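In the block that follows, a single chain appears as structure tokens, in the form predicted alone.
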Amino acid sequence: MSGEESSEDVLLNLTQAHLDIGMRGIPVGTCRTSSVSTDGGVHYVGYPIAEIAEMDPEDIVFLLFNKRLPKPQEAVDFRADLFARATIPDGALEVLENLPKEGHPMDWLSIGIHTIGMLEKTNDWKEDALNLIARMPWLMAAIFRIRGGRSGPVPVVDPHIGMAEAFVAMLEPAAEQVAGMVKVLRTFLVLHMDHGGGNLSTFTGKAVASGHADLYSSMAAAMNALSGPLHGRANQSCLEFVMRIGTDDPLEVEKFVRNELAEKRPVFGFGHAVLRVEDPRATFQFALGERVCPNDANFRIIRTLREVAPRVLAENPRISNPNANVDIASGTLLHHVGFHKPDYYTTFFGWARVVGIGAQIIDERTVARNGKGVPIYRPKYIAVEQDRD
């Protein structure tokens, strides 16, 4: 960048109105992996998400880490390197087998990441990030199997078949389910891998890493941030919301939506902090649903919701974006192909986001400020109402 000031460099004139709003809209850094625009949605290193949604997840990992798509031989070499890392430290399975079944799957995911880090880490940001990405299919499968009542070692699967393919194989589903599970999961992973630098889970992971906690501790913290119903758990809540509706009749759906608003309950699957149009990730998933499950009962409901909810929500002038977001369809698609427990949907989100958060942590720790890295995060809080009694 030249020495001339650009529009991106204008300093904010902070006022009282900027306090206690969760830092919404206040710039704190830069992001090299992805961006989100009001009318185009998320882009990965300049590529619109719809343009790359059906690419191999491994190629998108390469894109986010290297800021370009791989050439054919690079793609082969990168896969070979990534899959060679898919070794599981001794003792990890035993830790998972002793966790309380009552915990949410996201609690298990966070603890699983911590466990792998405690048992085996290099303390090199990039090496640990790639090692964790390679091990995620096993960790996810182990969580699914143990919580589902299946004890013992996770089946050994050749990781070279692909991350999504290996995970599905380790679950050992019915043969007729495999193709659908793989298809939906591959696109789910790509659609959710990154989303700019300021969302709660990404910011949390980077903030923890800024104190020089290791990659695994930082990522576990990011998963804890992702687990809340206002963030990653929204996809679980959205399917539960759809199942409560129970009909695709437009009049009944509108009645349901209006009642939820009257009761001051959220209408899940709509709205976005940045976008002012329908989320392109939602648009893509609707198109995918029309191909794989057009007559699925839940898909028929969200098809109706897509038409009804924005119209009803737009009646409120305070709602700046009443359109469908990424969560509206993801749970329905996962449910259709055989993932029937919504409690697990946020772990898929977490699996995907490990990639983008990992890439962003590497950038902040090893690239930013000419390699010096971003300093430890230390936002300022204003002391108020502290007069001694």
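The first residue of the shown sequence is 1; numbering continues from there. Just so it is clear, the model here is predicted, and its values are computed rather than measured.
Beyond the structure shown, there is the form predicted in complex with a small molecule, which is absent from this document and is the topic of what follows.
For this chain shown on its own, do 163, 170 and 188 all sit within 4.5 Å of the small molecule in the predicted complex, going by heavy atoms? No: no residue has a heavy atom within 4.5 Å of the partner.
271-279, 180-188, 90-98, 292-300: which one contacts the small molecule in the predicted complex at 4.5 Å, heavy atom to heavy atom? Correct option: 271-279.
Scan 75, 213, 319, 86 and let me know which has any heavy atom within 4.5 Å of the small molecule in the predicted complex. Spelling it out, the residue with a heavy atom inside the cut-off is 319.
Let me know the one among 261, 308, 118, 243 whose heavy atoms come within 4.5 Å of the small molecule in the predicted complex, would you? Among 261, 308, 118, 243, a heavy atom within 4.5 Å of the small molecule in the predicted complex occurs only for 261.
Does any heavy atom of residue 234 come within 4.5 Å of a heavy atom of the small molecule in the predicted complex? Residue 234: yes, in contact with the small molecule in the predicted complex.
In the predicted complex, does residue 313 have a heavy atom within 4.5 Å of the small molecule? Answer yes; at least one heavy atom of residue 313 falls within 4.5 Å of the small molecule in the predicted complex.
Does the small molecule get within 4.5 angstroms of any non-hydrogen atom of residue 71 in the predicted complex? Answer no; every heavy atom of residue 71 is more than 4.5 Å from the small molecule in the predicted complex.
Answer with yes or no whether residue 360 is in contact with the small molecule in the predicted complex, where contact means some heavy atom within 4.5 Å. No, residue 360 is distant from the partner.
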